[in-house]
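Taking the form predicted on its own, here's one chain by itself in structure tokens.
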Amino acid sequence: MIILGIETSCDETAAAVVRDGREILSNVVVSQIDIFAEYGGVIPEVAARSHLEAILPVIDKALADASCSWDDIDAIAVTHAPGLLGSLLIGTLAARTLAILHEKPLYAVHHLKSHVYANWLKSDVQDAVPTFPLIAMVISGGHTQILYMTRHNEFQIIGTTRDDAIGECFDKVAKILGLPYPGGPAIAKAAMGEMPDGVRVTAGNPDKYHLPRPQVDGLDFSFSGLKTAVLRAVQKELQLPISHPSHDLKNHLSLEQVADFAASFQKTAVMILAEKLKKALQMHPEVQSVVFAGGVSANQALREGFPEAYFPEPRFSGDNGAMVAAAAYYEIISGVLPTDPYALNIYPRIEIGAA
């Protein structure tokens, strides 16, 4: 079964062709990171306009790279929730039109489901697939959730963030430290002493600054307090009052201090995930696999801290069309029927499994 997957939930315009949910025939991603690095975050209207310009060329290239014609495509899959409204609209309108034009079944896929199924894509590093029951930790700029799965296409949310997502926390801490957007890769590099513009310093000391780990009952998370703790620690280190504006702190930090704060924050964030994962496994001793998914799953320190867990290839940790096609394949073999392209709706905010 050959599926064309389309992804436009945020700031990547992506399309891919995947066979049987695992074999990647093509994978094309046009990122808008360079556009939004200057602003420190995504501007929804600009993102939607960029998708509009890129969507058809990206789809055409995905088909060409896979050496496929429309006759070879068995189904089209597209992200319809959650995400930025304008971005979702561009991808779904393209997918709906193509499904009607080429008479292909259309599958509307939840974004978090796609991230989980990135772990089923064939990898140069890891060819085995997760076994059920499993726990999936979805960690990205917009989401932090722990999911419990007993079989394909069945998701139970057992933990979620009560405020900021972990990726959002990385972005905000990076801004405090004067590091570029997106914050996750920037902090990981700074912790290793790799600063912007190719400058190198000694790797950061992850034990230099002791940051609090929020105590939240059950399996839920809270990251807004950690962001504030970093802000206060920086102000204290610089002997500046708490009224000093956060956007100016970067002008007073040395590169060595940036490296130490990046390493200390990264260690604390990974420890928070580890504590919740340990608790989840204690609650579900029958679990056979642990899966990480989402943009933050590309973090090397995180990967080194969980050597037995499943991680997607770093290129599939971020948004891409291959994971959408993979998720649709496992929907199909689970008995999910295609959606009506004339009736497909988008949902900027909706829980996994709700639509």
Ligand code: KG4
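Note that the coordinates shown come from a computational prediction; the quantities given were computed from them, not determined experimentally. Residue positions are given as counts along the sequence shown, with the first one as 1.
One more form of this protein should be noted, the form predicted in complex with the named molecule, which is absent from this view; the next part is about it.
From the list Gly142, Gly193, Gly159, Gly225, which entry has a heavy atom within 4.5 Å of the named molecule in the model of the complex?
Checked against the cut-off, the match is Gly142.
Is Asp171 one of the residues lying within 4.5 Å of the named molecule in the model of the complex, judged by heavy atom distances?
Yes, Asp171 is a contact residue.
In the model of the complex, does Val296 come within 4.5 Å of the named molecule, counting heavy atoms only?
Result yes; Val296 sits at the interface with the named molecule in the model of the complex.
Does the named molecule get within 4.5 angstroms of any non-hydrogen atom of Gly318 in the model of the complex?
Gly318: contacts the named molecule in the model of the complex.
Just checking whether His111 would be counted as a contact of the named molecule in the model of the complex - the rule being heavy atoms within 4.5 angstroms.
Contact check for His111: yes, within 4.5 Å of the named molecule in the model of the complex.
Candidate stretches 215-223, 184-192, 242-250, 100-108 - the one whose heavy atoms come within 4.5 Å of the named molecule in the model of the complex
Correct option: 184-192.
Go through 65-104 residue by residue and record those having a heavy atom within 4.5 Å of the named molecule in the model of the complex; state none if no residue qualifies.
Going through 65-104 in order - heavy atoms within 4.5 Å of the named molecule in the model of the complex - there are no hits.
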